[in-house]
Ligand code: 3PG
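In structure tokens, one chain follows: the form predicted alone.
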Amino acid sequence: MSKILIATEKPFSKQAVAEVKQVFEASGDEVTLLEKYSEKIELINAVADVDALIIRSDKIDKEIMDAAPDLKIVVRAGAGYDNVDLKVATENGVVVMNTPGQNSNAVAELAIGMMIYLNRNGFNGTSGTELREKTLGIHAYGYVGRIVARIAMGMGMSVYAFDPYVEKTIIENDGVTWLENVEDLYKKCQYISLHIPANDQTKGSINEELLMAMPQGATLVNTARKEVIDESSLLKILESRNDFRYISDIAPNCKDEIVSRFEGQYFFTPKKSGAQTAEANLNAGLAAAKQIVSFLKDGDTTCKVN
């Protein structure tokens, strides 16, 4: 029997927890919960004798992993995994996985929903603008980007995509126009939807050069990570172009300055909201549980990221 800890400062729904528990009960494993914890020491104490760990946005660093000598696998219920120290995990012999695709529809709907919300001036009764016949650029054509493209085309938008890791034919077969370089994406599109991970290559990569190249009435939509934005460039373009807008479900570090100076040019959700749907919550939790069972029983390392 293996011991599984579900450690979520931001808890799963009751339904998700119940169904995740059923997966582990069927496999003969023991499950414990640590929810809404406020101190790191609570997590350190909880991992002392666990074999597997399911998390959401919880940070798993060297101190946590060193406190868990039996830990074999950590699964991040979601796509992004920059909250886990992969180097330390590898050194400790811990497999790290994510659950790709499980939150994708929720994130895609949020991206489109935020665009509509800002275009209609927060539904304050004044005249807004439509998305139909506008150009949308998808920066990274993965699970989320593909769904955003599909929704946008259904609304009558012209959709372009840049992703050096996705074959041109795959993008074009979806009815999306493939672009060879990222500069062309930003020059051509009134709206850009970001879906790139935060890593050494991408952090700060959305810079002044790219943003200034965008057409009049430009809107940047970020449901990825705040670290990919060069914030000094963001402030500069908001100041120099009152037609430029920034939408995100992860408020930047310079949020207070944006709020105080650029009314009508931004929208931020109160907290990270991409995966905050009942469906995504359940899908990601169940996927994490099933991946742990497959790994512990059969050594299946599908979705391993380290």
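Numbers follow the displayed sequence, beginning with 1. What you see is a predicted model; the values in this text were computed from it and never measured.
A second form of this protein, the form predicted together with the ligand, is not displayed here; the remarks below concern that form.
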| item | value |
| --- | --- |
| Triple contact flag G137, T219 and R245 to the ligand in the model of the complex, non-hydrogen atom at 4.5 angstroms | no |
| V47, I54, A275, I60 - the one with a heavy atom within 4.5 Å of the ligand in the model of the complex | A275 |
| Interface residue in the model of the complex among R146, K72, R225, K188, criterion: non-hydrogen atom within 4.5 angstroms of the ligand | R225 |
| Stretch from 112 to 120, 192 to 200, 164 to 172, 79 to 87 whose residues place a heavy atom within 4.5 Å of the ligand in the model of the complex | 79 to 87 |
| Proximity of K10 to the ligand in the model of the complex, heavy atoms at 4.5 Å | yes |
| Heavy atom within 4.5 Å of the ligand in the model of the complex - qualifying residues of 292 to 306 | none |
